[in-house]
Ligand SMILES: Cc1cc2nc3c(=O)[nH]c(=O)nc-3n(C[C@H](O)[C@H](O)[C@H](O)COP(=O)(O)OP(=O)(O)OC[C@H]3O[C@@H](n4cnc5c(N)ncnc54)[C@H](O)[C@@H]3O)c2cc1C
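Here's a solo chain for you in structure tokens, the form predicted on its own.
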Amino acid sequence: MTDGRSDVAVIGGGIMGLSIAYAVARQGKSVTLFEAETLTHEHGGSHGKARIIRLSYDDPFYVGLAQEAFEAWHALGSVARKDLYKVTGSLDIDLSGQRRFDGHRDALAECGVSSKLMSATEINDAYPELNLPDEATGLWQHRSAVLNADLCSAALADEARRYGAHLWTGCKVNRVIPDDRIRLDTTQGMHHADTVVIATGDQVARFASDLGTHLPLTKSLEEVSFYEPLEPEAHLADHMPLLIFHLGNGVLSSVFPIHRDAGVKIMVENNGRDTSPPERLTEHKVAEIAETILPVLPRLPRAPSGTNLCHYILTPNGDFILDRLPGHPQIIMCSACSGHGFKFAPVLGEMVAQLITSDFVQPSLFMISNHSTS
């Protein structure tokens, strides 16, 4: 490629970049997406077979956004003729007995979503694979699902191409050079675009810094473990819901029933708490799962059959960044991060498309000014 041109250039081939390319291409714009490696590669934050989509938030804004996302994934699956999710329902569970999920219940009710508070006895009776202590409480919400993450990414890529988007892999963007028509210095030559969207995960802050804006993003190494029960039936997605354990200090643990992965997938969010090198982090997180989660899942083995590493990109307040770059309105920064962005990707992609093609004003909490910068 030399001296290429498009209306919109998207940098980053993870779930957000693909969602943006699809949404913008549907608006009739010419789109070129640049990915330095392969789409949703294992060193990024979008790979794997499973992510959670749930409505259970303590903020009505995110409940409403999750409702929109559910509809968007359903619509994409219908168009792509792929099963993009498996409905399982979910249980938010507090093991301390101190939390009754009033904020979650109020936010769900405000958005017209039903939920049910359950005691430990009710949960244990309903789900024999669980053995919660008496003081535990849970909040059941029926409209939660396991997203088939790899199929979601593939569907977005296929549909983006169908609308004419060019997805260029193995092409790294070294610099974004503002001008009347923005120039991208890439490993395959120079590219020109009217608008550039930067959705590069852990590189978003670097691009912003090069263009004169500090974004308070930090990278956290995360670990997931897989456990293969001797009697798997009770742990299958047809029988076991998604479990979200609230462990205090804002730390969550997610437990996925067996769906397309070989075993039950468990993670305890790190969120930057442990900065050990990868080998030690895996050791520490497996031990943390054994201490906090496996006691209430007694039918799982004590040791995982496998582990994987991934990463989160964190903002200080957990909200996303989706905004025009100060001083460079033709450049849009997108960081759908802090561990809960995947589910919202198609809705955020549409927001970016509207930022490009109309006078749309995104929610204020996604603006760069909502995040402390220096």
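Residue numbers run from 1 along the displayed sequence. Quick caveat: nothing in here was measured; it's all calculated off a predicted structure.
The form predicted in complex with the ligand exists for this protein as well; it is not shown, and the discussion that follows is about that form.
Pick from 112-120, 194-202, 287-295, 74-82: which stretch has non-hydrogen atoms within 4.5 Å of the ligand in the predicted bound form?
One stretch meets the cut-off, namely 194-202.
My question is simply whether residue 21 lines the interface with the ligand in the predicted bound form - judged by any non-hydrogen atom within 4.5 Å.
Answer no; every heavy atom of residue 21 is more than 4.5 Å from the ligand in the predicted bound form.
Going by a heavy atom distance of 4.5 Å, is residue 224 a contact of the ligand in the predicted bound form?
Flag for residue 224 set to yes.
Should residue 11 be classed as touching the ligand in the predicted bound form when contacts are defined as heavy atoms within 4.5 Å?
Looking in the predicted bound form, residue contacts with the ligand include residue 11, since a heavy atom lies within 4.5 Å.
Tell me, yes or no, whether residue 152 is in contact with the ligand in the predicted bound form, where a contact means a heavy atom of each within 4.5 Å.
Close contact is absent here: in the predicted bound form, residue 152 is far from the ligand, nothing within 4.5 Å, heavy atoms only.
Quick one: from 160, 240, 173, 130, grab the residue that has a heavy atom within 4.5 Å of the ligand in the predicted bound form.
Checked against the cut-off, the match is 173.
Residue by residue through 207-221, tell me which have a non-hydrogen atom within 4.5 angstroms of the ligand in the predicted bound form.
Only a single residue, 207, comes within 4.5 Å of the partner.
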